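Take a look at this single chain, the form predicted alone, given in C-alpha cells.
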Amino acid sequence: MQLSLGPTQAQLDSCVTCGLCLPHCPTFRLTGDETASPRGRLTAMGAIAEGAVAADEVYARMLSFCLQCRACEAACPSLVPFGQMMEGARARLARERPTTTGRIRRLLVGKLLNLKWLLALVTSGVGLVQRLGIMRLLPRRMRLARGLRRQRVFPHSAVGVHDVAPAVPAGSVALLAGCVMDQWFPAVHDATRGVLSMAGYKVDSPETQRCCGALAAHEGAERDAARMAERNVTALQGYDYIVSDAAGCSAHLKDYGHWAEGGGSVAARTRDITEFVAELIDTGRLPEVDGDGGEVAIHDPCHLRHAQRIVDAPRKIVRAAGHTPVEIDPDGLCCGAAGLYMVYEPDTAEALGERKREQVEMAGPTTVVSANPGCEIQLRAHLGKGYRVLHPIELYWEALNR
C-alpha cells in the first residue's frame, strides 16, 4: 500500500485558521507561542509543501514539540485530521532531514519493540533494578524511572494464551497483546480476558500478531508502521471482534485503513475494551455490582477521549463496579506521557504531569483509573504513594470477584 508522505493539499486546505483549537492544545497553553499550536504547525506544514521555506531545525522542533494528543481534532469545526497530518509530516521530515536522534527513536519503536525476547530481557533488567532500589537514586526529573518504580514489571506475555471457549460462545475476540502492555500490564490483560469470558466470548491472543505500530507512526517510521499493520491484518483475521485494552493501540487499529490493504476490516472490528464492556453492560450481558465502593477519579487518555471520542464508557464501567466517578479535568488535557514524549521532552512532560497531579489531589479520591499504559506510568510518577492507579477494567473485574 502506497503511503503519502506529508499532509495532502486537501488536508492543508481544510484548516481555516480560526484558532478554536488553541485553548485545547497543551503546548500552546503552556507557552502561549503560536508555533507551539496546531494552527502554527499547520501553517508551517503548508509553507514546506509550497516550497516557501526549507525543512530546518526550527521546523523539526515544532513537530517534535507536539504531543499528538489530538485534542485539536475534537475541537475543530472543520474536522481537520491533524493526527494523520502530523504523522505524514514527521515521516517526510525523517526522509528529507534524517538525524541521529531521530534514527535511534525510529529504530526503537519501529524495530526493537517487535523483538519480544529483547523486551522481556529489558523487563527483567528493570525488575532487577526495582528490587535493588537503584531507581530511588535517579534524578527527580527522570519521572519515567519514578513511574516504573511504582509499576511492578516482570516478563510476561499474553500472546498464545487461549481461554476455554464457553459452551455457547457469544462470539470470538482477538485480544491485542501489544508491546509494553503485554510485558508490564499483565493484570489488565487478565482482567480483560476474565470479563469477556464471563460475557460469553472466546478470547484468543494470536501468536503471529505484532506491536500495533502506533509509536512507529507517531515517530515518522511509516514503513515500519505499515509492515506491522500488514502483519496484524493477517494475524487478526477470522475474529468477530478485535479488542485492545490500551487506548493508544485501539485508536491506531481503527486507523488501519490508512496503513494496510485490508486494514479497513480490522478497523471495523476493533473495539477499545472500555467501549466494548460498556456496551455489554448496557445490553445486560455483564452485571452491575451493587454497593458503594467509594469515589474514583477519572483520567481520560487523549487517544480515548479525543481520537476515539469515547468519554462515557469508562464512567459507566466505574459505576457498574459500584463506585462513584469523579471528574478531574473537563477539558481532558494531556497528562504529558504521550508515548516517548516523557523521555525526549521531560520538562514539558513534567509540567503537564504536575498539573494533572494537582487536579487529582483537588478532586479528592485516592483511586484513579486511566485506560492507557503511558498515562498510568505518568500518573504513578507524579502522585504520592497513597494513590492507586489502575485500568477501569481492573476495577470492574475486582468488583465482579468480590
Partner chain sequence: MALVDDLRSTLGSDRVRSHPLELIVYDKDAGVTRGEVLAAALPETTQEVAACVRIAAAHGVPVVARGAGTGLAGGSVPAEPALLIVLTRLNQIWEVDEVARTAWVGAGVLNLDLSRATEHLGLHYAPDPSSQAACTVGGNVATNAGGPHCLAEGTTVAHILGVEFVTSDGDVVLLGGKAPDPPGLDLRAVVVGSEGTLGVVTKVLVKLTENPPAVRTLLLTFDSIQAAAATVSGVIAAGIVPAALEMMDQPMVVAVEGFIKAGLPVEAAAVLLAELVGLEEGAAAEAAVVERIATAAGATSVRVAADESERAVLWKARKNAFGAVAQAAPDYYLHDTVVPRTKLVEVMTQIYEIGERNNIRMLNVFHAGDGNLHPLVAYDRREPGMSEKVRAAAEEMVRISVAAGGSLTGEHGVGLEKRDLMGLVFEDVDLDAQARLRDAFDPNGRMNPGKVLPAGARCFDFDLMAGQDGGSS
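Numbering follows the first chain given and starts at 1. If you're wondering where the values come from, they're calculated on a predicted model, not measured in any experiment.
FYI, the form predicted together with the partner chain isn't displayed, but the following is about it.
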| property | result |
| --- | --- |
| Heavy atom of each of L22, A47 and D331 within 4.5 Å of the partner chain in the predicted complex | yes |
| Distance check, P346 to the partner chain in the predicted complex, heavy atom within 4.5 Å | no |
| Any non-hydrogen atom of G32 within 4.5 angstroms of the partner chain in the predicted complex | yes |
| Contact label in the predicted complex: G40 to the partner chain, heavy atom within 4.5 Å | yes |
| Partner contact for S78 in the predicted complex: the partner chain, 4.5 angstroms, heavy atom | yes |
| Answer range among 78-86, 317-325, 174-182, 232-240 for contact with the partner chain, defined in the predicted complex as heavy atoms within 4.5 Å | 78-86 |
| Listed residue that, although the partner chain is not shown, lies within 4.5 Å of it in the predicted complex (heavy atoms), from L108, A74, L119, I281 | A74 |
